[in-house]
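There is one chain below, alone, in structure tokens, taken in the form predicted on its own.
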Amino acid sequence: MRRRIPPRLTDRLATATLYLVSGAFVVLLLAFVGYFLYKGRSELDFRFLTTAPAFSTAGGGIGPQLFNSVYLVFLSGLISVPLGVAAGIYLAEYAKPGRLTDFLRLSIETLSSLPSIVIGLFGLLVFVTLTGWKFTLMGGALAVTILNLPVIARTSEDAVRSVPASIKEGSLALGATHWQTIARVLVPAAVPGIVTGVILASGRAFGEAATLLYTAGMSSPRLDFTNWNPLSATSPLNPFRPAETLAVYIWKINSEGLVPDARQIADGASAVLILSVLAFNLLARFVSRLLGRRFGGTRT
């Protein structure tokens, strides 16, 4: 007879394996972040974060590129978050099993698996050529929205479905309509999960490069940060201007090498990009916990 492994030993082996895998991810992340912070430590100062690139001479910064990245995330979030959350609520609460719902889910899964370079080429055709906008920040934001919608929609659906059925039934039993239950009970309770989806989508948008090469462009006009008129060509708030983001700038300066300190600038920009993503994730999780306590009545 085959000797059975004791259940307690099996549990310990599984637990140890999970700890090892989790530890490997942590070590890999720390090594990755530590490497770029070490390589870019000489460039991490206020001047580097606020000044514009210096072409053909050393000592340039990444100020406009950093602003363009943040502004792009903001614009894409204005479009993708309402649409993605609405799609998740529809799939969780209104969609009935059938061919239409299956087709919608297939479409979402297909969009989520499309390579970003394909989305970039689609954006080049639609948001650059057909609209006549040429390379613009808005075109890049719309292209990134296509990348973000599947993530936000699926995480929003899962977050709404994860709310205990007793909460929904209690709201309906008290006389609330279906929409009132969704708006005042289910969505507030699902806020932490929805924010997690927004975090994942925003992090991808912040570090995206391939899509933006074909939509937002690889150059930026000289911006006047004292001009806040969004209709002005030199205003940083103008969404219909070319906008080189931080990720695109890292690729460009490494591939073209236009300045003598290109490697130092690329290392510093990479460190800033990683720190920005980490800071955004930490801030978003903090906001998620506050919203969870405020609306969900939980202490996560």
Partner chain sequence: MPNPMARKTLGRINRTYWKHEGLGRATVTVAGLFLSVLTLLMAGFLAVKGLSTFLVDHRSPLEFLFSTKWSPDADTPAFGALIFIVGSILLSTLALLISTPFSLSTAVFVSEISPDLGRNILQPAIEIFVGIPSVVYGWIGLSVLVPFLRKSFGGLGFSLLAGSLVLALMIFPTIASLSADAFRALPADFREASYALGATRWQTIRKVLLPAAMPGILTGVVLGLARAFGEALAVQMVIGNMIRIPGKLTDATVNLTSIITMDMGNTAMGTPWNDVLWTMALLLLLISFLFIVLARMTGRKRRAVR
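Remember, predicted model here, so these are calculated numbers, not experimental data. Take the two forms, superpose them, and find the largest set of C-alpha atoms that agree within 1.5 Å; that set is the rigid core. Residue numbers count along the first chain shown, from 1.
Same protein, other form: the form predicted together with its partner chain, not shown, and the subject of what follows.
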> Does any heavy atom of residue 137 come within 4.5 Å of a heavy atom of its partner chain in the predicted complex?
Replying inline: no
> Does residue 164 make contact with its partner chain in the predicted complex, using a 4.5 Å heavy atom cut-off?
Replying inline: no
>> Quick check on residue 228: any heavy atom within 4.5 Å of its partner chain in the predicted complex?
In response: no
> Would residue 286 sit within 4.5 Å of its partner chain in the predicted complex, counting heavy atoms only?
Replying inline: no
> Along 67-99, which positions have a non-hydrogen atom within 4.5 Å of its partner chain in the predicted complex?
Replying inline: 83, 86, 87, 89, 90, 94, 96
> Is there a C-alpha shift of 2 Å or more at residue 278 between this form and the one not shown once the rigid core is superposed?
Replying inline: no
